[in-house]
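Two versions of one and the same chain are coming, encoded as structure tokens; call them structure 1 and structure 2.
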Structure 1
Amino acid sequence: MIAQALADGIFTGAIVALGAIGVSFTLQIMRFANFSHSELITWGAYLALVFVAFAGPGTPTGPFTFGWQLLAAAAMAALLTGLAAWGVDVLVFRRLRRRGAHPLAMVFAAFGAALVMRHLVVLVWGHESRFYTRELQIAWQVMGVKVLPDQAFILLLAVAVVTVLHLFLAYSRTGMAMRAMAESPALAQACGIRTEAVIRTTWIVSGALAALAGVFAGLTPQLHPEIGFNLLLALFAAAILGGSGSLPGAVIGGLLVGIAENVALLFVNPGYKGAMPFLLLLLVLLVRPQGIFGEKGER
């Protein structure tokens, strides 16, 4: 049913969009593809699991499978993952930047960091799948479409997070500095902007968003060590599709990727699901190489 596939695609796209925002920021501000971003998603999901192990997911509130404890765990995981992302920058990427490393060297370093982070997850938590909660829930019927209450909550919370981030980028001094860095790091530095402070904020915000994407992905339906890796290609497809450095572009790109993956299941073998975002990406870039919201002439 096409309506059900579209609805499922929107819920999936909301999660992809949160992760794609961080990828987009890194591409535009840091000027390299951070392939370790997917592992920040995994770490965020598992850090939330640590808090849930102590406090539990909470007594289910209304139709949802969790209580306020899981939301508190997600908030703590976002904070810690943001700091972890900054820590990776301090240990790896900042040292390479100061040595004038080529962007390709940064990409290889990101691959190395991703492998280390992924194996640490397996070392600590193992390979088996885990659950935040095992509560069952009854799907809502909305105009013939089945919607799980948890999915609706995730979508609304994702919209709220993106709205707050938009206001932060548009009206705060730090947000404007980040946009200036995205346009031209050299010019931003010449204007007195503290570039290292902007870079630190970029990593913390990107890591926090990645953690929320991981928690949301793990909530429906389960958590496993490959949760971030499985989203990696979709994240980059969404970021490039929307236009590097564009917040609306990352959001729209994420929604389009989610819809493409789920609608494709109606017509092709599920094994080809992962190829759909790139087919969509190819079609869009043939018409608009800079992405949907990208500006002409940007690198």
Structure 2
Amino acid sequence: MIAQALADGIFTGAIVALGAIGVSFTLQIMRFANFSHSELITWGAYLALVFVAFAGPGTPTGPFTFGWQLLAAAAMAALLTGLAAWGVDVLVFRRLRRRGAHPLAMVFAAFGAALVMRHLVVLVWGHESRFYTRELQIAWQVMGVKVLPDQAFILLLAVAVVTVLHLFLAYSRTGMAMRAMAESPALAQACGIRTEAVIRTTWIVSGALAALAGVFAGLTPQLHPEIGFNLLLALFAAAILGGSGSLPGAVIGGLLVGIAENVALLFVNPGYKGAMPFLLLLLVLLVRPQGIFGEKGER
């Protein structure tokens, strides 16, 4: 039982982590809690659905329920969602930033943006659940734990994506600039870093990762317009738990949130699943508000 909960938790955690990376970057680089980040997950999931509608999910390859077409759709969705995230910034957040608006005005704007983004999806696709593919698959038994082949694939892909992102942050000039801005936007600007360019890259990367989280969540097993919104608290919990601005932090935070959620389900009514990330978050804020990997500072 515990082993199954752990396995399920790691899988949920991988999806949460992909979303939490963007939340964590926004918290640290743009200094606001982006309540609309969850909607990028939803957009990513539904944009991929558009491509799947044209090309189909592909013939099932090997043990998986989809073919290369779904992966291509996911890549296109990631690109478009990244651009959409930047687009929302240009339309809304950048204007507020330039005006020197109160930092919390960004959060209100995010409330509004989230409402618009989520309900645009409802407007186009309605509330019904959608599926990329109706194929069924047989779970693998690994040491008494049931794992769906799709889940294993998603987990490996998530690991690969995070590794690439880590290399990008560690070695590329843009990556270094992003880390510099996470440390101190003012100092980064004084060093000649073009902060607007860094912010643009941050949105595109965050949006692309959110879209992948959305496709993965939609593949296991279905899409609905609240697919992102239901993850919102988990994203914040993971980002803050790991320490905002830290990539390994967001990943480990995501995994911990996923595991905590699934293990807790062994003991409490499943109806309360949605409150688990919040309880974890409250615990972190009280005990170690800077997060596991965060630096001490004002919180």
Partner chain sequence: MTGVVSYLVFFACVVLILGIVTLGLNLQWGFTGLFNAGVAGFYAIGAFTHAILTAAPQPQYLGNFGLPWIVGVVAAMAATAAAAWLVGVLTIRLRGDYLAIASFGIAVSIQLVTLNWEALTGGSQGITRIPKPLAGVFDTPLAFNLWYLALLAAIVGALYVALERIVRSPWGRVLRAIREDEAAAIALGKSARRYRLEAFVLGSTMMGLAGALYASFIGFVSAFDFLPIVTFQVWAMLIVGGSGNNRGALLGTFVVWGIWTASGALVTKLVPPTYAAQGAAVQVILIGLLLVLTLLFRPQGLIGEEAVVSRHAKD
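In this text, rigid core is short for the largest set of C-alphas that superpose within 1.5 Å between two forms. Residue numbering: sequential along structure 1, first residue numbered 1. What you see is a predicted model; the values in this text were computed from it and never measured.
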Out of structure 1 and structure 2, where do we see the form predicted on its own?
-> 1
Core-aligned CA displacement of A14 at least 2 Å between structure 1 and structure 2 = no
In Å, how large is the CA movement of L285 between structure 1 and structure 2 relative to the superposed rigid core?
-> 4.1
